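In structure tokens, the next block holds one chain alone, the form predicted on its own.
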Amino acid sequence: MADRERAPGAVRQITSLVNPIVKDIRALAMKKAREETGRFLGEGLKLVTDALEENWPIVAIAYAPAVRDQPHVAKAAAAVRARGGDVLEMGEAVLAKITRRDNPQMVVGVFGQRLKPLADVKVGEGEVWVALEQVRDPGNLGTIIRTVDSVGAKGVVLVGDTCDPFSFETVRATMGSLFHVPLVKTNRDAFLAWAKATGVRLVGTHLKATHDYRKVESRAPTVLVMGNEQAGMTEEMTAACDVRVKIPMAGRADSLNLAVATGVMLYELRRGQLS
């Protein structure tokens, strides 16, 4: 993107739907393109601002002519330019094509991906991480990342074959929390070996558990383990949990949505740290 005849510091105006830059950005809707480039797309000025505040790598900012003179947009564009990123002014039709929405937000950003190595994760007393085994729904993943941020938990470990945390749907659901919450990707064997070596407590939810989720001691270094939306945790992960708990229900539903259940558990585990 940055190599396509862009003068240093210049704002590139793009009106054509077939512009090669538009093609490159639009391709980020596909997982293969995200993996090959190490980039992803996010919509909204808030996401760009959050990324800048966290010193996240930003490849480009694009905005509609209607907002070019807004102070916050101009400030964000100047910050992206100062970091060597592209500043692109695009018509609303072009932004709609990029975001695949009829009414896109007037600002989008192209960001570099960032993952934390599992070996660098340290869970201290009173701290909570979340491990998601084979989560498949991008909306659930994004909502969980946002909830982790909200309760002051420390990060999310994606275990096994999960949906992409940098997909457009996931990023949108995080509402900017993606830039505040460290993410780790690993397989189950590596995760269980890490948990054993570090001595963290694994707390998992299970339909057949008898332990009340409201009676879990909250000071121990904890990783909350949540399973797949349909199947729950694998047998291996279930067996590895130090504590298995159940969230009681009084109605006729037999289970909770994954993001809702994770939120319930996180607020309970963090209750002593929330005022």
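Owing to the predicted nature of the structure, the values given are computational and were not obtained by experimental measurement. When you see a residue number, it is the position in the sequence shown, counting from 1.
Missing here is the form predicted together with a small molecule; even so, the following discussion is about that form.
**Q** With the cut-off set at 4.5 Å between non-hydrogen atoms, does Val59 touch the small molecule in the predicted complex?
**A** Because no heavy atom of Val59 falls inside 4.5 Å of the small molecule in the predicted complex, the answer is no.
**Q** Is Met233 close to the small molecule in the predicted complex, meaning a heavy atom pair under 4.5 Å apart or at it?
**A** Looking in the predicted complex, residue contacts with the small molecule include Met233, since a heavy atom lies within 4.5 Å.
**Q** Since only the chain is shown here, I'm wondering whether Ile247 would be in contact with the small molecule in the predicted complex (any heavy atom pair within 4.5 Å).
**A** Contact check for Ile247: yes, within 4.5 Å of the small molecule in the predicted complex.
**Q** Indicate whether the small molecule has at least one heavy atom within 4.5 Å of a heavy atom of Val11 in the predicted complex.
**A** Close contact is absent here: in the predicted complex, Val11 is far from the small molecule, nothing within 4.5 Å, heavy atoms only.
**Q** Among 35-43, 219-227, 22-30, 48-56, which stretch has residues whose heavy atoms lie within 4.5 Å of the small molecule in the predicted complex?
**A** Going through the listed ranges, the match is 219-227.
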